[in-house]
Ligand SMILES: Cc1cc2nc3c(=O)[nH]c(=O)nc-3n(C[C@H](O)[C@H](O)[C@H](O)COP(=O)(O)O)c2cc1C
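Below you'll find only one chain, the form predicted on its own, shown as structure tokens.
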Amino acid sequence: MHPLLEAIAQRSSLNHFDAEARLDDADIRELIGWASRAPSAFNLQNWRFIAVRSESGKQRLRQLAWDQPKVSEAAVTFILCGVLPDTAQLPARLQSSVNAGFMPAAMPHTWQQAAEQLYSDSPLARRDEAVRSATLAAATLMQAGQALGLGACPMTGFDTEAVASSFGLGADEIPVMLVAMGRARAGNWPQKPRRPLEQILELA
């Protein structure tokens, strides 16, 4: 089996982490480097990652996440922030693609116009895009962790307003989910069985 498929097959959501295991700055930077390769609309890359790893920070976050032990036992718990799309940022974020030679020089402006039409009069579309982008980044982060021998658990059980306030999120940032990550300890379940394809797939 291809290693990527093996990682998907073996991934499970951990509830029990080795509380003695640590990740250093280089480990965290590597993980976020991979997570940042996730797709995003117009390549806006409208996400931000807060790596909560200090004992005080993890305890503070744990209290805002229904006192779930994995928040503090994991080596790091990431706050995945979706950022409301800011179309003014598009030309700068696309310039490296132009410089690399595969995007025409006029295309960033064209994409900016399209994005403005999509988002300008729709707060819901902007919020949906922020949530989608952060979710794709979270999935990529977890797969990268799996490939590097780490386990993870995505979490939506937390007080979003309190997390935003406590960790200084901007008015344009949404705390979409937490991702606890670290080394597994005994007691975790394997990946739970999935529904049959006949129940979830339509061939049109």
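Only a predicted model underlies this, so the values are computations on that prediction, with no experimental measurement involved. All residue numbers are counted from 1 along the displayed sequence.
The protein also exists as the form predicted in complex with the ligand; that form is not presented, and the subsequent description refers to it.
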- So in the model of the complex, does any heavy atom of R11 sit within 4.5 Å of the ligand? yes
- Answer for S54 alone: is it within 4.5 Å of the ligand in the model of the complex, judged on heavy atom distances? no
- Find out whether any non-hydrogen atom of R195 is located within 4.5 angstroms of the ligand in the model of the complex, and reply yes or no. no
- Item | S36: touches the ligand in the model of the complex, heavy atom cutoff 4.5 angstroms | no
- Which of these residues, Q68, S166, Q146, N43, gets a heavy atom within 4.5 Å of the ligand in the model of the complex? Q68
- Would you mind picking the one in M155, I32, A139, I174 that has a heavy atom within 4.5 Å of the ligand in the model of the complex? M155
- in the model of the complex, segment of 46-54, 146-154, 166-174, 24-32 with a heavy atom within 4.5 Å of the ligand: 146-154
